[in-house]
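Starting off, we have a lone chain in the form predicted alone, written out as structure tokens.
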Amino acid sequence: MPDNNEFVTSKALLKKLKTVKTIPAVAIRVTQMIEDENSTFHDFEEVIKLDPTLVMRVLRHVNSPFYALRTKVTSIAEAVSYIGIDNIRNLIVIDALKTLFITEGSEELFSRTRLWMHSVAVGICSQMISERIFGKKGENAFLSGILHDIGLILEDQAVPDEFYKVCKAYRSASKKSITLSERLVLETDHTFTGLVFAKEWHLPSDIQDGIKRHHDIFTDVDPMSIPAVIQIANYLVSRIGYNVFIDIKEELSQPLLVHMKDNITAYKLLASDLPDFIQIAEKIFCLEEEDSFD
């Protein structure tokens, strides 16, 4: 099947990567512990404390304006208590991810910094949609949103010359489809590459599903599913300038357009609040580590 061929190709592509750091062992352990109902807050604290640098960064994030806590958090146990272990996991994964985006190549066709800001915006918007529109926990939607285009940066690192050809073909195509441009050059696309990476990181299946299916053209879909939420978020953030590729807007499947029209008042309110939330997130999730929130 084509899916199997692309899956194999993506695995081969990832093997070429020499500079990408894998997710820290502590993050994998935390992810596994989330699935274990017998895990306690103390268990999480003991695992995370194995990496003192990570503890410092997590506490820095937790005490940022993004979470707007009334009191300063001074321990991992307090952090877990205030914001939850799913958010702690997200911070650990994001901390590992940011190293992929720091070295910037040519921005003629593709910018890693622009991709990171797009990913942050989609993550924030996905969480807002899950929580505000559907009344669900938004942590997994947030992380899936952050990771949905991770395959692009992996392709850029693993096969930069071929990826340049992808970007050039995409920008010049009359009917624009980034996944089609990727498959023509690479014989796979960033949804498969991102899926393979997420599997290697042992991330939850719904996050993997969001990464794999966010570009699907849906004829029938549950709007509250993570792939649908990410596609809506992609659509919204691209219309306020957070595109991966300049001047190229994301499209939306027809059932999701209908869903948005049916809930237009709620989405208008969300859209009006979105820029402020993204600006706060840009500060805490920026690629530079020097800012202080004390």
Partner chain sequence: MTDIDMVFDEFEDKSQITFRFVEILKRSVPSCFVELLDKTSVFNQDDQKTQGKVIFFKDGNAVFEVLLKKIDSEIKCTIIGCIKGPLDYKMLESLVILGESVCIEEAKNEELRDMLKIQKDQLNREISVIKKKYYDIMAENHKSSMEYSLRLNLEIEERTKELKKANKELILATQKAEAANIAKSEFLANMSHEIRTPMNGVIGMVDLLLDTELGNEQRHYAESVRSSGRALLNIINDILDFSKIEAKKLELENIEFDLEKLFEDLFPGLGVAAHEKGVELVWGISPLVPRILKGDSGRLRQILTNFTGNAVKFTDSGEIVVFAEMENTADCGDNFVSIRFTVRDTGIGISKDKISFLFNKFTQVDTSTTRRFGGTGLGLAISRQLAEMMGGNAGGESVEGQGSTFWFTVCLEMENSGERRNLPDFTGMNVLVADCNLWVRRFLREKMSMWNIHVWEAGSSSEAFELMGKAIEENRPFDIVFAGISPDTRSGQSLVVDLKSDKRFEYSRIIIMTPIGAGLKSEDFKVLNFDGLITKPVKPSELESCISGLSEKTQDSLFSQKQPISFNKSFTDIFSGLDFKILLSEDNLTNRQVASGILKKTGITIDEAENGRLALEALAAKDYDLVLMDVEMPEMDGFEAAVKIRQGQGVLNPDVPIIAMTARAMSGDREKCFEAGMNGYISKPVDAELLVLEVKKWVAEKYPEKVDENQNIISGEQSGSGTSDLLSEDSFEKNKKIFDPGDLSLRLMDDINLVNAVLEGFLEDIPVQIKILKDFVENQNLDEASMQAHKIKGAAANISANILKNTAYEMEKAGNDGNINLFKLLMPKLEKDFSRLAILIRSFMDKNL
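We call the rigid core the largest set of C-alpha positions that still match within 1.5 Å between the two forms. Quick caveat, the model's predicted, so the values are computed rather than measured. Positions refer to the first chain, counted from 1.
What comes next is about the form predicted in complex with its partner chain, which is not displayed.
Worksheet item: Counting only heavy atoms and a 4.5 Å cutoff, which of 196 to 204, 94 to 102, 118 to 126, 78 to 86 contacts its partner chain in the predicted bound form?
Response: Careful reading of the contacts points to 78 to 86.
Practice prompt. May I ask you to state whether residue 39 is within 4.5 Å of its partner chain in the predicted bound form, using heavy atom distances?
Written response: Taking the distances in the predicted bound form, the answer for residue 39 is yes, it comes within 4.5 Å of its partner chain.
Worksheet item: Is residue 70 close enough to touch its partner chain in the predicted bound form, meaning at least one heavy atom pair within 4.5 Å?
Response: Judged by the heavy-atom cut-off of 4.5 Å, residue 70 is well away from its partner chain in the predicted bound form.
Discussion item. So, residue 25 and its partner chain: in the predicted bound form, are they within 4.5 Å at any heavy atom pair?
Written reply: No, no contact at 4.5 Å.
Fill in: Non-hydrogen atom contact residue 265 with its partner chain in the predicted bound form at 4.5 angstroms
Residue 265 belongs to the contact set for its partner chain.
Fill in: in the predicted bound form, the one of 260, 244, 54, 30 near its partner chain [non-hydrogen atom within 4.5 angstroms]
The residue from 260, 244, 54, 30 that makes the contact is 260.
Practice prompt. Select from the listed residues 222, 216, 131, 162 the one whose heavy atoms reach within 4.5 Å of its partner chain in the predicted bound form.
Written response: After the contact test, the surviving option is 131.
Worksheet item: By the 2 angstroms cut-off, has the C-alpha of residue 60 moved between this form and the one not shown once the rigid core is superposed?
Response: Moves: no, less than 2 Å.
Worksheet item: Is the C-alpha displacement of residue 78 equal to or greater than 2 Å between this form and the one not shown once the rigid core has been superposed?
Response: Where the cores coincide, residue 78 still shows a C-alpha shift between this form and the one not shown that is 2 Å or more.
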